[in-house]
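Below sits a lone chain in structure tokens, taken as the form predicted alone.
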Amino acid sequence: MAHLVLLPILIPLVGAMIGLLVRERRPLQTAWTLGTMLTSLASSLWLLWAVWQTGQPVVFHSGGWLAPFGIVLVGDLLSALFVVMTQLVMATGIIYALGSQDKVVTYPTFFPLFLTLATGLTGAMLTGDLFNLYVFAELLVISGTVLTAVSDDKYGTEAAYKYFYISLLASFFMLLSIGSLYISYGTLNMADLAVRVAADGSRPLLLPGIAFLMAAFMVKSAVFPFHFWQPDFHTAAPTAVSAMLSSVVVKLGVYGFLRMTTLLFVEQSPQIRAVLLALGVIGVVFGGLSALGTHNVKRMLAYSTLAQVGFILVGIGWGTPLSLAAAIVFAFNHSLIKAAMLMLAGYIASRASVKSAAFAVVTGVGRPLPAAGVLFFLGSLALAGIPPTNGFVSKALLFTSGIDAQGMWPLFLIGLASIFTLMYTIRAFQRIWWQAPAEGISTKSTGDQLIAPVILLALILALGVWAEPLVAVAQAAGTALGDPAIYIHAVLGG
């Protein structure tokens, strides 16, 4: 059973290496990549099912060395659900890339790098050690940087430099945190560190360690005011890549904040949550206003991610079992919605006579494409939180948890700012599918395929109509997070 937690990391990593070996045979490489990702997704679903049935985390001790001396991988309800979310969206990203007209997807290293991207994100969420979280995060950054640098867009290299150097700043913050915590407590195993911090929270380097770790996760999730790299990056990155980084990769920071407030620094969590609550509200308002004023569909959706992550931070900031469950549900549902919307933006850009997602180019391009219009409209409803989509489930659960937590002022502000989402998405829909195109702009007869966004929109509607399984797992995860002894006992025993 312990090896179940290893498979979602090992399968895409081995798949990437074999993908490189068959790089000269593209049909074989693409089929292998998709098969690898689907197999890995099946293993992550198996892991989630095992944890759900037993009620206990699955722990793998590398090399037979028991924690805290050896490296451990831990699959509890939170990490297992986030890994399923990650690999589900990654699988649709590969499907989109297979039907994309971008030249970059024909490069022999594109699909292996896509699998290493999945490996890095999966490993970061399953590791039980802070230093190995840093290692997996670096694998994630390197893969994302290269995939952006080889983009067809002429600004791809510039965007890759921005992403790399901002991520380098986050890595610096994380290493400073790791050093501070190791000097103070002599361990980086998260369960062992949680025990030692709870026993003695007076070490002088503890607060700097917390602050540096928060800053690292804020950069990873593009939380205000560390959001400035994201719009340029997602505008220039290949659609299949930007859809992954704006939907699931930003959830690494969300995952980190959940671990910080419920496991690592429980005594210090009220102060951490207060900061997250304030930044979450600011992010919702600022992201919504920025999305309203932008000139590019992908850029609009990048600012939208800033706002949507803000909603999640508010849920973490309230800190009740219900609000934590709401944050988990919101994170899962947002990943599906945002990936679908960015794929649709890429589809429209690929059908324009001048390939670009700028409104000046795509206005009117969607008029001969009614099927894509229906999908974009459904995605807009989901992003705005309107039934029968899963976005409605996310916001209803979050707002209910806000009433339960008596967080009236934040609830009022994010509720008011929610209107912005409907405004900028419907404005984009009207411009692309209703207005006449500019002179010299026409719709091409061929472009990217709609298979991947269709799959995601089907899941979005399914989770809107039948949300009980996801909500039940999230509520169980939220309850388990309220008792860190479950995680600690599973890792350390005794």
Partner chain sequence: MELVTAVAVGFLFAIGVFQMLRRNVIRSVIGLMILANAVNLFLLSTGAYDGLAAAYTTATDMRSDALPQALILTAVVISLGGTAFVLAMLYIISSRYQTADMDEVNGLKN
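Given the structure is predicted, the values throughout are model-derived calculations rather than measurements. Residue numbers count along the first chain shown, from 1.
Omitted here: the form predicted in complex with the partner chain. The next part is about that form.
Colleague: Counting heavy atoms only and using a 4.5 Å cut-off, do 192, 261 and 489 all touch the partner chain in the predicted bound form?
Modeller: So, no: the whole triplet misses the partner chain.
Colleague: Heavy atoms, 4.5 Å, the partner chain in the predicted bound form: which of 156-164, 311-319, 347-355, 90-98 makes the cut? Say which one.
Modeller: Residues of 156-164 come within 4.5 Å of the partner.
Colleague: Though the partner chain is not shown, can you say which of 145, 269, 363, 380 has a heavy atom within 4.5 Å of it in the predicted bound form?
Modeller: If I apply the 4.5 Å criterion carefully, the residue I get is 145.
Colleague: Between the options 395, 227, 196, 299, which residue brings a heavy atom to within 4.5 Å of the partner chain in the predicted bound form?
Modeller: When the partner chain is considered in the predicted bound form, the option within 4.5 Å is 299.
Colleague: Does residue 107 reach the partner chain in the predicted bound form, with heavy atoms at most 4.5 Å apart?
Modeller: Answer no; every heavy atom of residue 107 is more than 4.5 Å from the partner chain in the predicted bound form.
Colleague: Can residue 149 be called a contact residue for the partner chain in the predicted bound form at 4.5 Å between heavy atoms?
Modeller: The answer is yes: residue 149 has a heavy atom within 4.5 Å of the partner chain.
Colleague: Give a yes/no on whether residue 188 approaches the partner chain to within 4.5 Å in the predicted bound form, heavy atoms considered.
Modeller: Residue 188: contacts the partner chain in the predicted bound form.
Colleague: Though only this chain appears here, would residue 359 touch the partner chain in the predicted bound form if you measure heavy atom gaps against 4.5 Å?
Modeller: No, residue 359 sits far enough from the partner chain in the predicted bound form that none of its heavy atoms falls within 4.5 Å.
Colleague: Within 4.5 Å of the partner chain in the predicted bound form, which residues of 109-135 have a heavy atom? Give them in sequence order, or say none.
Modeller: In sequence order, 131, 134, 135 come within 4.5 Å of the partner.
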